[in-house]
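First comes one chain, alone, set out as structure tokens in the form predicted on its own.
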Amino acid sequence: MNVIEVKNIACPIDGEKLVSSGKQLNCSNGHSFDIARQGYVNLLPVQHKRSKQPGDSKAMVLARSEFLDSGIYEPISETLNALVLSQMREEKDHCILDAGCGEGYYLDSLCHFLKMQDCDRNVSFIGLDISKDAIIQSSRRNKQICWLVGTNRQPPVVTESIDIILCLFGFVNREAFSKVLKPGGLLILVDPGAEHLKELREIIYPEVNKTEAQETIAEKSGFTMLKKEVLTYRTMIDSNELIKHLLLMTPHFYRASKEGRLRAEALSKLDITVSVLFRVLQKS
């Protein structure tokens, strides 16, 4: 497959298509956005922010990046890559949006994987995250991907221009995703399964309830379920630093008590269960 330039970025203010001009993106109504020296574009206007620094902090981003680069979650990436390839349609050109891409690990892996496939398709990639720190980190991974600071509530892309949206452990907005997907386009959701990180949860919480993967609004209207797949495996984390990174990159860091966090942060190794639910939904 061939990686091609993204041509469907939209102005976050008026929805008009953005066109590259030097070191800026401009729309027909005169709105302009600078291309940062790292290569990303900030398309999150002040009026779309709900806090001064929305999204993951720099510390969380760096923790997640180091943990993912260790390879512990590589089976998740490999499963996602194979799933995306199996679901791609016959059209020659595809645009894939990772909505909530974080530091870019999964989209970068997918990009490299699809480039290795021997077929005459063209693919463009967009990584979108509300955290500027996350996008700065992701822009260091892969210069062939278009990295954008923006929100899943209003993805800054042209209406009905996306073939596949990926949303891994992220915020799903059914209406916004449906708007930017092409007719028959796909939404691939990746969420924690019931047993995910149960060993860590048993350490940091006084009582752990078995929880099922949350139903999302995307499954209730506007989309048809095509496929469900569960990936489960056990692995060992044999580094205190990686255990701390894992804790910091999950919501459990803020939900657990101080005592629970200290118990986890004192560990030198930890056996964990990784359980992840993959769902493929098609725009109706």
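Residues carry their position along the shown sequence, with the first being 1. Everything numeric here is computed off the predicted structure, so don't read it as measured data.
One more form of this protein, predicted together with a small molecule, exists but is not displayed; see below.
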(message) Is it true that Asp56, Gly100 and Leu168, all three, sit within 4.5 Å of the small molecule in the predicted complex, judged by heavy atoms?
(response) yes
(request) Can you check 89 to 97, 119 to 127, 194 to 202, 147 to 155 and let me know which stretch has heavy atoms within 4.5 Å of the small molecule in the predicted complex? (result) 147 to 155
(request) May I ask you to state whether Val41 is within 4.5 Å of the small molecule in the predicted complex, using heavy atom distances? (result) no
(message) Since only the chain is shown here, I'm wondering whether Leu68 would be in contact with the small molecule in the predicted complex (any heavy atom pair within 4.5 Å).
(response) yes
(message) Can you tell me if His252 lies within 4.5 angstroms of the small molecule in the predicted complex, counting non-hydrogen atoms only?
(response) no
(message) Given that the small molecule is not shown alongside this chain, does Arg64 nevertheless sit within 4.5 Å of it in the predicted complex, heavy atom to heavy atom?
(response) yes
(message) Quick check on this chain: which one of Ser161, Asn142, Ser131, Asn81 has a heavy atom within 4.5 Å of the small molecule in the predicted complex?
(response) Ser131
